[in-house]
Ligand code: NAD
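Shown here is one chain on its own, the form predicted on its own, set out as structure tokens.
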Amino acid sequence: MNAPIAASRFAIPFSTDQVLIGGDWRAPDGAATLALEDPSDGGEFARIARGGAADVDAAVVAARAALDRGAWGRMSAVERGRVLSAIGRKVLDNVELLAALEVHDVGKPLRQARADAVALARYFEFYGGACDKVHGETLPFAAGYTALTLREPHGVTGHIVPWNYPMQIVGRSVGAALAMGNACVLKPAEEACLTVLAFARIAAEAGLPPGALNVVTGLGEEAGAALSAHAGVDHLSFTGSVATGALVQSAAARNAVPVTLELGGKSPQIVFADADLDAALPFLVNAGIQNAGQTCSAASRILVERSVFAAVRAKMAERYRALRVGPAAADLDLGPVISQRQKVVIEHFLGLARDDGLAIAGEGAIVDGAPRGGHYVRPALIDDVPADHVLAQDEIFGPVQVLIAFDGEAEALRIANGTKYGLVAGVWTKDGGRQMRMARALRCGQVFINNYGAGGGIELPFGGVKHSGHGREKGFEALYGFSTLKTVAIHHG
């Protein structure tokens, strides 16, 4: 019998049970804490502060003070850029620390955790360079007038970050908000927030002034709800489920606060008969199983032209059978999913597939010796799924992909657009005309032709339509979203 594979506990080099308000780390109001569970073995390995409404209120007040009276509000765009660039360099110096934290917090394989830490640095490099490059315009207007526009920060921005990619989503939301001169209040997911806490310390060491970034950990229904409804917040950014996003938007609407929402997807990759199947294969599989499928833009639907359906199924099934799942520190193809609750959700969908007679074309394996308390799910490729089946319509948020056959462009588009989501799509074809027709007709926020994800694409605007949300993150579009446009008309005769 093989010996169990240890989850390799990591000594956390800072206190985890405090909130950050106005540059000070302190116990939350009431001093309550929450347990953090390592998904690789189910064991508690740290405790975080259970912040609430009083802590959120103090954080909002501190953010406002940083703008109105602090060093952050007095900084020029050039100075902000230097601070953000310094943060990016400091993150690169701490990649191994951040990766080790993410391994235990999220259950992410080590190489994926390292890639996320490097991406966090890249966001701050990008936005550090962009700070002084967001310009207003002069507008042609009536004689005797000079009209112009100014881009100004909203003020205090609230950021509610999920557990699946805490570093990347902090980078794309907080990085852009700070670049525009906002002061931020950040509420990370209670399941996984250690890299957020570590990042806040790194940012302060790199020179970010007190109050520019405030962090309140805690439960979504307590700290998250308080932040969503706070009258002192001028803009909210939320990434998470459709149901929670609706609650956030409803709470913000009472204060007439704009909201950027990224709410997930059921993204297709569409494979035409003329595609280079060997080039497509790694993208077809990896975009579905990365981070154990817990990715908003996961390619969970593989639409294949019928004449090559059998060939694609065989190639993907072979790759699936080679996939290995185990503790995050073992750095295999997949780590565990975040929690037992998420595992139950995924297994429920797999049960529906069995109940409806859908076959598994290929399935990975959990390695011998994986800790019994870990939240492991075997990645599964489901064969020949009807386009209207629940497995092809609902976001599973796990390592499950479905194969769907189609005949011709029109049917491919009907199936691809036939869910409530609209986040990302991939198209595999050598036909240039078809590439453009599909790109224009797909109802989603990003389309990738003969690739998927473009390696993360920090410069590429990201967001969805329909139930995938609204507003854009990443690239310069995020800077526009975290700013407000003011028009000035000067009458000088």
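Quick caveat, the model's predicted, so the values are computed rather than measured. In this text, residue numbers run from 1 along the sequence as written.
In what follows, reference is made to the form predicted together with this ligand, a form of this protein that is not presented.
Segments offered: 348-356, 385-393, 74-82, 165-173. Contacting this ligand in the predicted complex at heavy atom distances within 4.5 Å is 165-173. Not displayed here, this ligand is approached by S228 to within 4.5 Å at the level of heavy atoms in the predicted complex. Although the partner is absent here, L423 lies within 4.5 Å of this ligand in the predicted complex, judged by heavy atoms. In the predicted complex, at least one heavy atom of G265 sits within 4.5 Å of a heavy atom of this ligand.
Heavy atoms of E190 reach within 4.5 Å of this ligand in the predicted complex, making it an interface residue. Comment: this ligand is not present in this chain, but in the predicted complex one of A412, L197, A113, I160 has a heavy atom within 4.5 Å of it, namely I160. Only one of L381, V248, L334, A183 comes within 4.5 Å of this ligand in the predicted complex through a heavy atom, and that residue is V248. Shown here without this ligand, the chain has E221, G224, A225, S228, F238, T239, G240, S241, T244, L247, V248 in 221-248 lying with a heavy atom within 4.5 Å of that partner in the predicted complex.
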